[in-house]
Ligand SMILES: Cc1cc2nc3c(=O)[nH]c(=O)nc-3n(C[C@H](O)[C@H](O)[C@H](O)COP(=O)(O)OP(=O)(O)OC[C@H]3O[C@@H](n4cnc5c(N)ncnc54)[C@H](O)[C@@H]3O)c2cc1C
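Read the single chain below, which is given as structure tokens and is the form predicted alone.
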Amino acid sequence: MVMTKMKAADVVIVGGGVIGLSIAYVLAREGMAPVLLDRREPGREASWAGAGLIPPIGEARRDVPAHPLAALRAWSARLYPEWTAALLDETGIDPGFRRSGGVDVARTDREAEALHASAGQWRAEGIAFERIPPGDYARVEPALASDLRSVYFLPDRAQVRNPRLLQALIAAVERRGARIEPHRGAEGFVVEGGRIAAVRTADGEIPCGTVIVAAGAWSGGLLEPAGVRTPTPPIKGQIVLLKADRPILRRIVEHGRNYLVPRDDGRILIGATEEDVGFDTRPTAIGARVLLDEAIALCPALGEAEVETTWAGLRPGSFDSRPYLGRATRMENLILATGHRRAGLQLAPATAELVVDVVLNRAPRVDLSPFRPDRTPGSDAADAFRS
């Protein structure tokens, strides 16, 4: 079968989630006009399904070397206020960035010990926090259960309304002249002389100068036929959305890997499961029950709220919890930006800035060696704050 040659592009971005859209936004800001391909509507996979949690900004101590993932996370958190303000000014769409503060809680003595260890990490990262004494929990979050074993208040925790952020990115990218191609997914690559000469789609081949793969959980399967091994196993996450007739929560509540996120309109997101079930995105009764039981145990008043809907998304894993960022080995014009696990939304601004540094051959503003696609898998990756 002869493939049709389509109009060439200097940069083709494969994947239209928050990572791909953010990269397109920064490239367009630099005066380039990338082509972004997405197999569905942009932003409708893991980025839309997430809760939009943004970690607190820390000022790392000079005497404590920052973990690579913590450094990336801190830079991204610092970028978020200016990014979202610029998007609002440019598009009129409010991404909903709010510094609502958060509480991390423990229900057992063992969890309290683990939370105390996390506080040590926060201190090393320069993150502001306060341990709340028993009996005083209502001062920071009146809706919390009174029998919690430990509560820490993090005043700088923030959130973003991820569907609105995605809408703003799409509008800004298109206003700046980039081309978004929905329902046109990449099906493979034409490789010639150690370079990707074109991206194959169902409609034909797109000749290109640079390819950036930001296809989330689908990245690994797309890259393997081209000889690039970067596994991105899907990690299913389910969320339940509650609707209350009055505001119940003021703060983001985190308990281990689960969270409660209050929105300005009185809705509360409960998330999120972590399931190894392949590419199955069906919400399940057991998943909803686990999340609802968790929410009511943490905040009994939520038992009165209406269950509005449930959904699930697929986060892209990696072999050591760090994302893959940078040029692929032996494929000089292929750049990877994938494998962010639960941290895609929170790491999007910093990831985009770094990837564009690579595209433009500038010195990256954060050391990329810990995120190289060809790195040796490590076991010391710090767990990111949830997103």
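Each residue number is its position in the shown sequence, starting from 1. Owing to the predicted nature of the structure, the values given are computational and were not obtained by experimental measurement.
Note that the form predicted in complex with the named molecule isn't included here; everything after this is about it.
The partner is not drawn, yet in the predicted complex one stretch among 27 to 35, 358 to 366, 328 to 336, 315 to 323 has residues with heavy atoms inside 4.5 Å of the named molecule: 315 to 323. By the criterion of a heavy atom within 4.5 Å, A350 is excluded from the residues contacting the named molecule in the predicted complex.
Looking at G216, you'd find a heavy atom of it within 4.5 angstroms of the named molecule in the predicted complex.
The closest heavy atom approach of P262 to the named molecule in the predicted complex falls outside 4.5 Å. In the predicted complex, the named molecule stays beyond 4.5 Å of every heavy atom belonging to L354. Taken together, the three residues V14, G237 and L345 all come within 4.5 Å of the named molecule in the predicted complex, as judged by their closest heavy atom.
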